[in-house]
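Consider the single chain below, provided in structure tokens and representing the form predicted alone.
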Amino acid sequence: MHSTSPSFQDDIVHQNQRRTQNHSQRSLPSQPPSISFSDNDYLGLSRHPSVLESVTKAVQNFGTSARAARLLAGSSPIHRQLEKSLASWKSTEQALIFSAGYLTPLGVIPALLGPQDTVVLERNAHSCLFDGAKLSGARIRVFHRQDTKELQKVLTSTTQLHPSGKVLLVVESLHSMDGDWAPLLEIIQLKNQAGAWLLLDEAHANGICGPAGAGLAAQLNCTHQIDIQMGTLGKTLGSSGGFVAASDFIINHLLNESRTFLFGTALSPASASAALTSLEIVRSTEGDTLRQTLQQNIAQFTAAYPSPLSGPIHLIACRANSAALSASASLRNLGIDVPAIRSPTVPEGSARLRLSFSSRHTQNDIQTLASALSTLPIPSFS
């Protein structure tokens, strides 16, 4: 007797057809072209000689793996030094590293909230932030990133409707897909008025702005008003993994309650060493020089191809998934790697090319990109 319920195979076939029809089907790309504007290695540290040397030494001294969770196998000296350096960089008492950036909010948010509480997220927040919020079981409310009046309404209504519940506001300082900066000072004022906590995700801002590259909060001198700072080791710090920085009180709680920290194999000593060496460079005069080069590259591009954005992430609106795919393919044929960002990564109808600039790009790279973009049948920045 055969079941009449839908089969796994039929459902997979249906989803595959849907993805094909709306041009959202994905596949792993082949070797990228020689000029890449697709990654988030903003200061080019993933190939820095000192970083590569530190990785080699860490593998020789500690092996290729952390072998288990840190509460089982213990912490290497590199883990402890990295956390100490991250806490100092972010002007907090402690830091805690996770084995992947994506796993960081999945462990942190559920450790802070439950079904009686509320997470307030930007409408287009990164999927890891939404996934962490869903895992917590808390209510989820959203607001438009640049609309502080809407945020105020959301916070006010939340505290009125659920006065006994905690409220966690989660914000990206530099948005990963829109490339704009959050109105952080206004957001802090509103969260203070509401009695909420703020989890600030500086994944794309760390290393590129603020004193010693410490991020937007440091640049605005408001670090002391942020409850938890979150970041990644896999972008400007040229490695992999994630971290949070906060008070002793909060970090000790997360060490005991964040399931993605408790039950996952720890970050490898080699990755921790790469991040530690990169962080030393970021905080040095060499880091200042790399940031200046990055800003010069951005300025050269925006002079040739005007954009309203000032950070390392720029976008070109294509709107339709098919148009973004076509534009990306055209650039690839010219030896330039620029990814097509499509729904469901971004809202339907807002497909785009995402340009990511680095200090490693040459003036010729920037000019080649600007010239190639001018030949594409797509609108400019909007």
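Bear in mind the structure is a predicted one, so any value in this text is a computation, not a measurement. Residue indices: 1-based, along the sequence shown.
One more form of this protein, predicted together with a small molecule, exists but is not displayed; see below.
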Contacting member of 168, 187, 266, 230, with respect to the small molecule in the predicted complex [4.5 Å, heavy atom]
230
Just to be sure I understand the contacts: of 181, 301, 197, 102, which is the one whose heavy atoms reach within 4.5 angstroms of the small molecule in the predicted complex?
102
I need the one stretch from 110 to 118, 168 to 176, 74 to 82, 206 to 214 whose residues put non-hydrogen atoms within 4.5 angstroms of the small molecule in the predicted complex.
168 to 176
Using a 4.5 Å heavy atom cut-off, state whether residue 90 contacts the small molecule in the predicted complex.
no
In the predicted complex, does residue 128 have a heavy atom within 4.5 Å of the small molecule?
yes
Whether residue 241 contacts the small molecule in the predicted complex should be assessed with a 4.5 Å heavy atom distance threshold; does it?
yes
